[in-house]
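One chain follows as structure tokens, the form predicted alone.
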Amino acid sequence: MRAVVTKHFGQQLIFSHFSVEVEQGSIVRLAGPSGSGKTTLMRILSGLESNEEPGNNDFLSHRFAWVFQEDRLAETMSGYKNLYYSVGPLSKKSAEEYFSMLGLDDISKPVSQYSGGMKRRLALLRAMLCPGEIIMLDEPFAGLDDRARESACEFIMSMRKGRTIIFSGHDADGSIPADSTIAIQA
């Protein structure tokens, strides 16, 4: 898959004919300092942000699953209902097994009662259960301690099933074994 990206925010040039190539089924890490455009690039590749290079984005022919920087969960719903309404019918037994894999417990507890790390793991679970062909993980381990990060990484790899993963993060977040890295300069 290939894209050529040009993007301005007002007068500020973010990308100028920036070429991105990703082999289908690979794991790609976007590396760069805060504010360098990692999230913007991910949003452009998935069609959530406009590209000033029209017609130059092969990624758009695929379905996406996302973990955004914000967890984007329905706070008043249970963890189970957050999954159910995002990924479709899922038995409670299956949900409990998935929750257990990520160190989550009560599937019926409202998300508003989750800690920040629990919300993050639920957001990861939701993305990995979605049928997207490309999984976008924007700082997927934010707020997770080392143990939770390790189990989340193992879960991501076990649920990958050959799908393409594009993830961003800071140096400490490099626990997903990437096939390649795209460096973005500020």
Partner chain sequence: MNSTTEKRLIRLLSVLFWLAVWHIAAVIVSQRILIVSPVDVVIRLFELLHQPAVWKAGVFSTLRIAGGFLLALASAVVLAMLSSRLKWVKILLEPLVQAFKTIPVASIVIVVLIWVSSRNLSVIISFMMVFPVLYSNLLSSIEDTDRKMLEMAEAYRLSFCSRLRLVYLPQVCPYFLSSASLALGLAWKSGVAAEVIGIPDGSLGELLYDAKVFFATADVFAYTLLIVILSVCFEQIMKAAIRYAAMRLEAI
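All of these numbers come straight from a predicted model, not from anything done at the bench. Numbering follows the first chain given and starts at 1.
In what follows, reference is made to the form predicted together with the partner chain, a form of this protein that is not presented.
Interface membership of residue 93, defined by any non-hydrogen atom within 4.5 Å of the partner chain in the predicted complex, is ruled out.
Proximity of residue 76 to the partner chain in the predicted complex: non-hydrogen atoms within 4.5 Å are present. For residue 126, a non-hydrogen atom is located within 4.5 Å of the partner chain in the predicted complex, even though that partner is not displayed.
The closest non-hydrogen atom of residue 160 lies beyond 4.5 Å of the partner chain in the predicted complex. Shown alone, this chain has one stretch from 30 to 38, 56 to 64, 113 to 121, 141 to 149 that lies within 4.5 Å of the partner chain in the predicted complex by heavy atoms: 56 to 64.
In the predicted complex, the partner chain lies within 4.5 angstroms of a heavy atom of only one residue of 128 to 165, namely 130.
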